[in-house]
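Below sits a lone chain in structure tokens, taken as the form predicted on its own.
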Amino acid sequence: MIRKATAKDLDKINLLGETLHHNFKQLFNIQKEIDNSFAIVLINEDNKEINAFLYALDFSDNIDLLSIVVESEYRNKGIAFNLIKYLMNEYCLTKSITLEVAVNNFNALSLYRRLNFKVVNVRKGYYHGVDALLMRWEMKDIYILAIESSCDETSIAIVKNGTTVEAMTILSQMDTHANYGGVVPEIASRMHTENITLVLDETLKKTNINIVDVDAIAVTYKPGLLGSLLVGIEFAKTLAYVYKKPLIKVNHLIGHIYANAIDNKLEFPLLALVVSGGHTELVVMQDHYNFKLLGATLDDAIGEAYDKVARVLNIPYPGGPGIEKKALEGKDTYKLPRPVLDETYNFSYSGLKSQIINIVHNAKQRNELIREADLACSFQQAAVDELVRKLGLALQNTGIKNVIVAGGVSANKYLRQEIKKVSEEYNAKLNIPDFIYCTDNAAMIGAAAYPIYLKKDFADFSLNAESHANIC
């Protein structure tokens, strides 16, 4: 069994190292108080003894491999190879590995070359007069073709290493659905079917990368409109089958979170505020795909509330941007109740929405004029204020210093402004995606698929659509 070492293993590691290298402690001094050092150990399943270990220093963008020690009777069994592969697969999502090796250590050189380490420098006389080769391993660039069709945008993108968008196309159905005041599922799925091959062709025209060049096909499989999701899923399955590529399934909500990884590096631990048409959630991420839900909406999501209030105020679809624009023309003159739910991290927007409906209904009954811009401004401030208060509470209680915002509502400029203020108040680093990556897009799906690709957690062709889902 191979695993990362713990503090309880230190004595055994040092003992094994000292047995095979008399000055091991002086050279490496593996101690639990060294924050950026770690070891990977091989445990004998029979007697639970440590028979081999790898020792390295972990820096922000590189791992410095310092030593591999294998007990004599376990040598020539591929153990060193497996320890390094474990290091690569578990700890090198975005890192390179460097090491030094003597030019006359032919066995080690053969091992490192098998693992695709390349010589980058020579250090003269490094080992008591013997030259050392500085070698580096870097993961090859990974290109993922991603498909997003969960609602009314048909989007395809090619994303490199989960961070760089090589090409993306988004074909929106907004103008069509505006005629109906909202998305009509049957029309949405039919338009996806008509457009998806055209979107693929347009995306490929924007880059010199072809489908045969990509490493995997990723697709949104939940949540969303079932018919729309199925169009994307069946298209992704077809591409994966024809071109013999791994298939990766991606949760749309997690895609919104990973939109923050585009042209940026996620720094953990972080607080993610997810604000969309169907979800309002506060989530802690300790690492990639390590989610802990702090709180969520108990009824309406904030995006849903925006859309319903927009309809009451006769603001055309899409409601969210319409409310934001109208609010700029007004003032906070309506004294609306803040949807405070004690000191939990949960949210509620049904009461605020109902209050707006009642105000409009009562005014109509009395033939009173509704100051639509003022009401939109008052609603927006009440809705966003509660998001900001709960985020501030989470920052205060967790001590986390990294904040990201995800979901379509993160395109709202007033929300961005207020989130920035509370982040600065708690000295937290804030990241919000560029506007193009806030709403539904395939680039975020490609970014979210990258950590899954590295773990080789691929889907099979029985993959189906799911209309409902949460992050955790």
Partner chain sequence: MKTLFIDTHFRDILIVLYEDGKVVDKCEVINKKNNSEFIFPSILKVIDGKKINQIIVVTGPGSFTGVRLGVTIAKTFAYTLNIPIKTITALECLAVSSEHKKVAIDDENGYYIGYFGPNNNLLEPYRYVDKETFAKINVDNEIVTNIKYNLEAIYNFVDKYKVEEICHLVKPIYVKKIGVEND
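Positions refer to the first chain, counted from 1. Since the structure is predicted, the reported quantities are computational estimates derived from the model, not experimental observations.
The form predicted together with the partner chain is left out here; the points below concern that form.
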Practice prompt. Counting only non-hydrogen atoms, choose the one of 398-406, 313-321, 349-357, 238-246 that falls within 4.5 Å of the partner chain in the predicted complex.
Written response: 238-246
Fill in: Selected contact from Leu99, Val214, Val231, Ala261, since only one has a non-hydrogen atom within 4.5 angstroms of the partner chain in the predicted complex
Val231
Fill in: The single option of Ser189, Thr207, Asn251, Thr164 touching the partner chain in the predicted complex, heavy atom within 4.5 Å
Ser189
Fill in: the partner chain contact at Asn362 in the predicted complex, heavy atom, 4.5 Å
no
Discussion item. Even though the partner isn't displayed, in the predicted complex is Glu194 close enough to the partner chain, meaning a heavy atom within 4.5 Å?
Written reply: yes
Worksheet entry | 4.5 angstroms heavy atom contact with the partner chain in the predicted complex for Leu198 | yes
Worksheet item: Is there any non-hydrogen atom of Tyr180 lying within 4.5 Å of the partner chain in the predicted complex?
Response: yes
